[in-house]
Every structure is written in structure tokens, then in C-alpha cells.
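Below you'll find only one chain, the form predicted alone, shown as C-alpha cells.
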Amino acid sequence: MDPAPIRKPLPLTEPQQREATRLCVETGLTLLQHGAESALVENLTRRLALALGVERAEVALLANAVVVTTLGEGHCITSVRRNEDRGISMHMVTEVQRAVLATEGGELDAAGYRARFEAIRPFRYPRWITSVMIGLSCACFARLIGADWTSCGVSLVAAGVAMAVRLQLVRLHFNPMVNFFVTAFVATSIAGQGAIYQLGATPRVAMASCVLLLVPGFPLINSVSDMVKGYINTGLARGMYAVLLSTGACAGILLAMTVWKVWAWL
């Protein structure tokens, strides 16, 4: 008995290809906006295009835009979306990746993928929980580098209040550099009171640890990862973004030390 012939999927019509292109560029944009590295963004976007029936897909990632071109049955369709930072969210990246895998596995068609994709929302912890946990983490860092318990308490309060201020500025859509500047000023000002009023034996440690929440670790890691994997433009852009954030934080720290005349790091 002869084996059953392999049935190839029907070629996409132009409207179907246009919808697939939209889905691909929106997927790549969402991944890029929420902190995914460039290699993952390009890989998932291409895989989604092939899973939706496109013959070939080309993806170009820029510092502030995503470009996707799909080819099929004589049609070449290109779509461009502007990239705006939405904050790091591995929950978004993971859920989008799961939706792409489900499409590859044949569980979702284009309409099903769009419905699942549009239902994905960033998971946010309550602001007070985030502020408390950030304060505890900075206090733990202070303890690890030799701070006494009083200085750990100062670091906890300074970092917790600073994180609450940072989240409020994010909610008000302030520029990230202004956000880091103000947050660093608040944290250093509160921790500086420990040095002024001699709260604890290690005020320097408290002042140093309370601003650790402003270290732009994720952009720096993504920057190096992108450049190592050949995405020089996006890697340089992310690296410069991390440098600008660090500059804003340093300016806030220096201003607070100047205002309160507490040069505890010197």
C-alpha cells in the first residue's frame, strides 16, 4: 500500500500574508520593548512567519524600530513599527514565546494567535510590595558588606522610599534619566541623614547600598549579548542607554551629597 502523499499547506493570499506580516512585526516589537535580546527577537519573529505559512521572512532590528518583510507567491510585504521602551518584563517575553511555540505546533492559526497575543498583559506586583522587597534587598547587600543592623535599617528605608518614588515617576511617564536622577537624590538624601545624625557605625555602607536599585544591569547584559552575537547597532544603543541612566543616577547622588554636605564615600 503506497504511503499517503504529503499535503503541502495552501499558499497564502495577499490579505493573509498581510495579516501574517502584521502579527510578526507586532510580535517582534513587543519582545524588543520588554527587554528581549535581539537574537531572540529575530528568531521568534522568523519562526512565527514560517508557522503562519509565509515562504520567507526577513527581520531588521534598529535602535528605535522593527522592520519585517515577508515573501510569498510573488508578494513582498514590508511593515515597520516604531520602538518605545515599555519596561523590562520577562513575563511578556515568556508568554509571547509560548504563543509562538503553540503556533509552530499547529495549535493556533493566525486568528487564534492574534487573540492569544492581544490577551497578554504585563504582570505587575503591587507597588508597596515592590518597594518593600527592594528595600530589603539593598539592606541585605549592606549587611553582606559589613554594615551593622542600624545602618541596614537606614538602607532599607532609603531604598524602599526611593523605589516608591521611582515607581510613581514611571506612572507619571517621566523621562528615565530624570527618574534615575530624582530617585538617586531621594535615596542618598535619606541615607545621608544616618551620617549626619550618626545612626549606625557604618553610614558609608548604607549610602552606597541604598542606590544599588539603580544599577542598569539588564540593559548592560543585553548590550554585551547583542554585540557578541553581531547586533552591533542595537548593542551600542542599549549600552549607551545604560550609560545615560548611570549618569543620571550619579548626578542625583552628587547633588544630594552637595546639598547635605555629606561626602561619606570620600
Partner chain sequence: MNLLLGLVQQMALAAVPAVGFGMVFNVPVRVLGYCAAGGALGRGLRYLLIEGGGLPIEWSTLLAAAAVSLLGVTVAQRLRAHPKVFTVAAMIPMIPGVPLFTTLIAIAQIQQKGLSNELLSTAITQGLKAAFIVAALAVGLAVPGLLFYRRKPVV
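Positions refer to the first chain, counted from 1. Everything quoted here is computed from the prediction, not taken from an experiment.
Omitted here: the form predicted in complex with its partner chain. The next part is about that form.
Chemist: Identify whether its partner chain in the predicted bound form is within 4.5 Å of every residue in the set 63, 156 and 206, based on non-hydrogen atoms.
Modeler: Answer is no for this spot.
Chemist: Identify, from the list 115, 90, 76, 196, the residue with a heavy atom within 4.5 Å of its partner chain in the predicted bound form.
Modeler: In short, 90.
Chemist: Considering its partner chain in the predicted bound form, find the one stretch among 22-30, 227-235, 53-61, 66-74 with heavy atoms no farther than 4.5 Å from it.
Modeler: Of the options given, it is 227-235.
Chemist: Is residue 42 one of the residues lying within 4.5 Å of its partner chain in the predicted bound form, judged by heavy atom distances?
Modeler: No, no contact at 4.5 Å.
Chemist: Is the gap between residue 168 and its partner chain in the predicted bound form 4.5 Å or less for some heavy atom pair?
Modeler: Heavy-atom contact with its partner chain at 4.5 Å: absent for residue 168.
Chemist: Can you check whether residue 121 is within 4.5 Å of its partner chain in the predicted bound form, heavy atom basis?
Modeler: No, no contact at 4.5 Å.
Chemist: Although its partner chain is absent from this view, report whether residue 247 comes within 4.5 Å of it in the predicted bound form, heavy atoms only.
Modeler: Contact with its partner chain, yes.
Chemist: Output the sequence-ordered list of residues from 206-233 with at least one heavy atom within 4.5 Å of its partner chain in the predicted bound form.
Modeler: Contacts from 206-233: 211, 212, 213, 214, 215, 216, 217, 218, 220, 221, 222, 224, 225, 228, 229.
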